[in-house]
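Have a look below at one chain only, the form predicted on its own, in structure tokens format.
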């Protein structure tokens, strides 16, 4: 896909730039706690037809921001993981169960984050980890659902992600999930809002572009939940989607909506082969 004048003009309008500059992702390597090796660059999957190489967003960050993620002691997102570890063992609901009652330790969830979103045969639809957590809470624990992008939910997804760090993202897009994936792909290339921007305009056409004091990445979501220094909290995938669509000056979709589930499946599949990183740290 070529960078068009319209795309560049729209991005410039979005971020209020007075000029454009570009930077390739750096060549730094990421190892967490000295022993978890993270793949931050690899060949793009065949279905990411406009990319030849995919990069983690970590590669576009400053050295100072990158350093936060290299040690769990320094990573502020790990506070959410610690909070969720308590919730994991907490009995809640009419059934008198906790997460551990059915699922054992958080480490028993290793590999789960790498596969989601995925097709749920019982529900005949693609589901996200957030949907599965609420399914457990409502139907197995007899507890109230958590808010889709709320703090407790995002912390729990961070915990589930943390035990899969270093494992390759491997989201299935064939079989019954294909229709949802196609819907997500269409959304990815649809221009939204007064600025007429699509996801691809920023994250395929313009990645590496300097916007204000930061660089656009490829928009990979292997690092979510992400602790953003900008708002000093863990952020979920759908919260980030909502913010991006809003920034095009469009009416956005709701977190957990079929539209955002489809978009998440497509965007996640673009990162197949990168390592699970969450909770990551970004600007």
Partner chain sequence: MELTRRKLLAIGSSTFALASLSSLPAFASLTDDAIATLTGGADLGEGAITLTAPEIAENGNTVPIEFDAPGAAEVTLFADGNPVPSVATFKFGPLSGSRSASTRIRLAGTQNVVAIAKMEDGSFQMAKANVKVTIGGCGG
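Numbering follows the first chain given and starts at 1. These numbers come from a predicted model, not from an experiment.
Omitted from view is the form predicted together with its partner chain, to which the following refers.
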When its partner chain is placed as it is in the model of the complex, are 47, 188 and 205 each within 4.5 Å of it, taking any non-hydrogen atom of the residue? no
Considering non-hydrogen atoms and a 4.5 Å limit, which listed residue (89, 108, 74, 121) is close to its partner chain in the model of the complex? 74
Interface stretch in the model of the complex with its partner chain - options 218-226, 53-61, 252-260, 34-42, non-hydrogen atom within 4.5 Å: 53-61
Distance check, residue 65 to its partner chain in the model of the complex, heavy atom within 4.5 Å: yes
Taking 4.5 angstroms as the cut-off for heavy atoms, does residue 200 touch its partner chain in the model of the complex? no
4.5 angstroms heavy atom contact with its partner chain in the model of the complex for residue 136: no
Even though the partner isn't displayed, in the model of the complex is residue 214 close enough to its partner chain, meaning a heavy atom within 4.5 Å? yes
Residues of 249-283 having any heavy atom within 4.5 Å of its partner chain in the model of the complex, listed in sequence order: 283
